[in-house]
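Below you'll find only one chain, the form predicted alone, shown as C-alpha coordinates.
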Amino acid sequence: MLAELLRKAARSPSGGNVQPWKIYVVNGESMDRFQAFIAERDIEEPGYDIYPPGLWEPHRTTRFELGEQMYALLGIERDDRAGRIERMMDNYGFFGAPAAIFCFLDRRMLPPQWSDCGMFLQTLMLLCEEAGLATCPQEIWTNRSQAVTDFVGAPEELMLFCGMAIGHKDEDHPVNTLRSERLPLESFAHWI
(Lines give C-alpha, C1' and ligand atoms only; values in the text may rest on other atoms or scores of the structure.)
Protein backbone atom coordinates (compact mmCIF):
# COMPACT_ATOMS: atom_id res chain seq x y z
CA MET A 1 0.00 0.00 0.00
CA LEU A 2 2.77 2.46 0.91
CA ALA A 3 4.59 1.74 -2.36
CA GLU A 4 1.45 2.51 -4.36
CA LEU A 5 0.76 5.70 -2.39
CA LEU A 6 4.34 6.87 -2.94
CA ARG A 7 4.07 6.11 -6.68
CA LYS A 8 0.94 8.24 -6.89
CA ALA A 9 2.44 11.04 -4.78
CA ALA A 10 5.38 11.22 -7.20
CA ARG A 11 2.93 12.77 -9.69
CA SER A 12 2.82 15.91 -7.51
CA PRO A 13 3.97 19.21 -9.06
CA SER A 14 7.70 19.66 -9.48
CA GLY A 15 9.26 22.72 -11.10
CA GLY A 16 11.09 21.62 -14.25
CA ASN A 17 10.20 18.03 -13.29
CA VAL A 18 13.29 17.96 -11.03
CA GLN A 19 11.55 15.64 -8.50
CA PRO A 20 14.06 16.35 -5.70
CA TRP A 21 12.57 14.08 -3.03
CA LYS A 22 14.37 10.95 -1.85
CA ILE A 23 12.21 8.79 0.42
CA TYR A 24 13.25 6.15 2.94
CA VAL A 25 10.48 3.97 4.37
CA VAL A 26 10.69 2.50 7.86
CA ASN A 27 8.08 -0.09 8.87
CA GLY A 28 7.73 -3.61 10.23
CA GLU A 29 11.04 -5.04 11.38
CA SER A 30 12.96 -1.95 10.30
CA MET A 31 10.75 0.17 12.59
CA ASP A 32 11.75 -2.02 15.53
CA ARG A 33 15.42 -1.72 14.62
CA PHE A 34 15.08 2.03 14.12
CA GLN A 35 13.42 2.55 17.51
CA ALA A 36 16.24 0.65 19.24
CA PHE A 37 18.85 2.58 17.24
CA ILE A 38 17.39 6.05 17.87
CA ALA A 39 17.00 5.37 21.61
CA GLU A 40 20.80 5.16 21.79
CA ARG A 41 21.40 8.47 19.99
CA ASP A 42 21.45 11.96 21.46
CA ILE A 43 19.59 14.99 20.17
CA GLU A 44 21.83 16.85 17.72
CA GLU A 45 22.31 20.38 16.52
CA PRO A 46 19.40 20.94 14.10
CA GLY A 47 20.09 20.57 10.40
CA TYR A 48 18.06 23.75 9.82
CA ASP A 49 15.90 26.17 11.81
CA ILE A 50 12.32 24.92 11.95
CA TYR A 51 11.04 28.44 12.67
CA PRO A 52 12.68 31.78 11.90
CA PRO A 53 14.54 33.30 14.87
CA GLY A 54 12.44 35.94 16.64
CA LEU A 55 9.17 34.74 15.12
CA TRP A 56 6.93 37.79 14.64
CA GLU A 57 3.20 38.43 14.80
CA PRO A 58 0.75 37.03 13.99
CA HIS A 59 2.81 33.84 13.52
CA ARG A 60 4.24 33.84 17.03
CA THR A 61 0.76 33.98 18.57
CA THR A 62 -0.79 31.34 16.29
CA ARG A 63 2.08 28.95 17.06
CA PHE A 64 1.85 29.64 20.82
CA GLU A 65 -1.94 29.22 20.89
CA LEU A 66 -1.78 25.90 19.07
CA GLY A 67 0.67 24.55 21.64
CA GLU A 68 -1.51 25.76 24.50
CA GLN A 69 -4.60 24.13 22.97
CA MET A 70 -2.81 20.83 22.39
CA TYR A 71 -1.36 20.63 25.90
CA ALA A 72 -4.73 21.56 27.43
CA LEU A 73 -6.41 18.68 25.56
CA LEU A 74 -3.71 16.36 26.89
CA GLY A 75 -4.12 17.63 30.45
CA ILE A 76 -0.56 18.97 30.58
CA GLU A 77 -0.38 22.18 32.59
CA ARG A 78 1.58 25.20 31.36
CA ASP A 79 4.16 24.88 34.14
CA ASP A 80 4.57 21.10 33.66
CA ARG A 81 7.87 21.28 31.78
CA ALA A 82 8.55 17.57 32.23
CA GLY A 83 5.12 16.68 30.82
CA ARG A 84 5.63 18.92 27.81
CA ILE A 85 9.06 17.47 27.12
CA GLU A 86 7.70 13.93 27.47
CA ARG A 87 4.99 14.70 24.93
CA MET A 88 7.54 16.24 22.55
CA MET A 89 9.66 13.10 22.86
CA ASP A 90 6.66 11.04 21.63
CA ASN A 91 7.56 12.41 18.19
CA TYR A 92 10.60 10.14 18.18
CA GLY A 93 8.31 7.13 18.55
CA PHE A 94 6.14 8.39 15.67
CA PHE A 95 3.28 8.62 18.21
CA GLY A 96 2.95 4.84 17.99
CA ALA A 97 2.47 4.70 14.20
CA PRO A 98 3.67 1.44 12.62
CA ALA A 99 5.23 3.09 9.57
CA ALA A 100 7.12 6.23 8.71
CA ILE A 101 8.96 7.88 5.90
CA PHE A 102 11.95 10.17 5.88
CA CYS A 103 12.14 12.73 3.10
CA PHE A 104 15.60 13.86 2.02
CA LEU A 105 16.81 16.16 -0.72
CA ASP A 106 20.21 16.96 -2.15
CA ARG A 107 21.95 19.72 -0.17
CA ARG A 108 22.57 21.64 -3.41
CA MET A 109 18.85 22.06 -4.03
CA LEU A 110 17.32 25.52 -3.59
CA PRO A 111 14.12 26.82 -1.94
CA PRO A 112 11.95 25.95 -4.98
CA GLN A 113 12.93 22.29 -4.57
CA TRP A 114 12.07 22.48 -0.85
CA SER A 115 8.68 23.66 -2.06
CA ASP A 116 8.49 20.65 -4.41
CA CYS A 117 9.14 18.37 -1.43
CA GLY A 118 6.33 20.09 0.45
CA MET A 119 3.95 19.48 -2.44
CA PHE A 120 5.03 15.84 -2.64
CA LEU A 121 4.44 15.38 1.08
CA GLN A 122 1.04 17.12 0.98
CA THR A 123 0.02 14.93 -1.94
CA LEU A 124 1.12 11.83 -0.02
CA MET A 125 -0.81 12.97 3.04
CA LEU A 126 -4.00 13.44 1.02
CA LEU A 127 -3.57 10.06 -0.66
CA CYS A 128 -3.05 8.42 2.74
CA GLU A 129 -6.22 10.07 4.05
CA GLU A 130 -8.13 8.77 1.03
CA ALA A 131 -6.76 5.26 1.75
CA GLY A 132 -7.92 5.40 5.39
CA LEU A 133 -4.52 6.20 6.89
CA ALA A 134 -3.49 9.13 9.07
CA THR A 135 -0.21 11.02 8.83
CA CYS A 136 1.82 13.38 10.94
CA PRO A 137 4.62 15.34 9.25
CA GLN A 138 7.51 15.83 11.64
CA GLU A 139 10.21 18.45 11.17
CA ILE A 140 11.49 17.58 14.65
CA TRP A 141 13.67 14.93 13.01
CA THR A 142 16.09 17.70 12.02
CA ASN A 143 17.27 17.30 15.64
CA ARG A 144 18.30 13.73 14.80
CA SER A 145 19.26 14.19 11.17
CA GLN A 146 22.67 12.48 11.37
CA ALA A 147 21.22 9.54 13.28
CA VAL A 148 18.47 9.11 10.67
CA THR A 149 21.01 9.47 7.86
CA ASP A 150 23.21 6.81 9.44
CA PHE A 151 20.32 4.40 9.99
CA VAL A 152 18.81 4.62 6.51
CA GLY A 153 22.21 4.74 4.80
CA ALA A 154 21.52 7.98 2.94
CA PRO A 155 24.56 9.45 1.22
CA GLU A 156 26.05 12.56 2.84
CA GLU A 157 25.03 14.80 -0.07
CA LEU A 158 21.41 14.31 1.02
CA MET A 159 19.90 16.34 3.82
CA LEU A 160 16.95 15.27 5.91
CA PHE A 161 13.93 17.46 5.19
CA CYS A 162 11.45 15.78 7.57
CA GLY A 163 9.92 12.57 8.78
CA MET A 164 6.29 11.52 8.61
CA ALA A 165 4.43 9.05 10.82
CA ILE A 166 1.89 6.91 8.95
CA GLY A 167 -0.74 4.73 10.60
CA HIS A 168 -4.36 4.56 11.64
CA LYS A 169 -5.90 7.46 13.54
CA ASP A 170 -6.76 6.81 17.18
CA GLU A 171 -10.21 8.42 17.25
CA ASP A 172 -10.24 8.33 21.06
CA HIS A 173 -6.96 10.20 21.58
CA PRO A 174 -7.68 13.78 22.71
CA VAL A 175 -5.03 15.33 20.45
CA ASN A 176 -6.97 14.09 17.43
CA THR A 177 -9.88 16.36 18.34
CA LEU A 178 -7.72 19.48 17.99
CA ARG A 179 -8.67 21.76 15.11
CA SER A 180 -6.23 24.61 14.80
CA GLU A 181 -7.50 28.13 14.34
CA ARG A 182 -6.81 29.78 11.01
CA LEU A 183 -6.17 33.42 10.33
CA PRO A 184 -9.10 35.18 8.64
CA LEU A 185 -9.02 35.42 4.87
CA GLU A 186 -8.54 39.19 4.89
CA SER A 187 -5.31 38.82 6.87
CA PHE A 188 -3.52 36.89 4.11
CA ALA A 189 -5.47 37.35 0.86
CA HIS A 190 -5.23 40.70 -0.90
CA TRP A 191 -7.64 41.49 -3.71
CA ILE A 192 -6.09 43.69 -6.41
Ligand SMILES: Cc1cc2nc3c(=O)[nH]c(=O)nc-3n(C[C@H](O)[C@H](O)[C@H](O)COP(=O)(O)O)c2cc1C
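Fair warning: this is a prediction, and the values are worked out from it, not measured in the lab. All residue numbers are counted from 1 along the displayed sequence.
There is another form of the same protein, the form predicted together with the named molecule; it is not shown, and what comes next is about it.
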Although the partner isn't part of this model, could you tell me whether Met31 comes within 4.5 Å of the named molecule in the predicted complex, counting any heavy atom of the residue? no
Applying a 4.5 Å heavy atom distance criterion, does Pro137 contact the named molecule in the predicted complex?
-> yes
* **Heavy atom of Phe95 within 4.5 Å of the named molecule in the predicted complex** => yes
| message | Is it the case that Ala39, even though its partner is missing from this view, gets within 4.5 Å of the named molecule in the predicted complex, heavy atoms only? | response | no
The listed residue (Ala131, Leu55, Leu66, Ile43) that reaches within 4.5 Å of the named molecule in the predicted complex by any heavy atom is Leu66
Only hit among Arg11, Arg182, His168, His173 for heavy atom within 4.5 Å of the named molecule in the predicted complex is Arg182
Contacts from 16 to 44 to the named molecule in the predicted complex (any heavy atom within 4.5 Å), listed N to C, are none
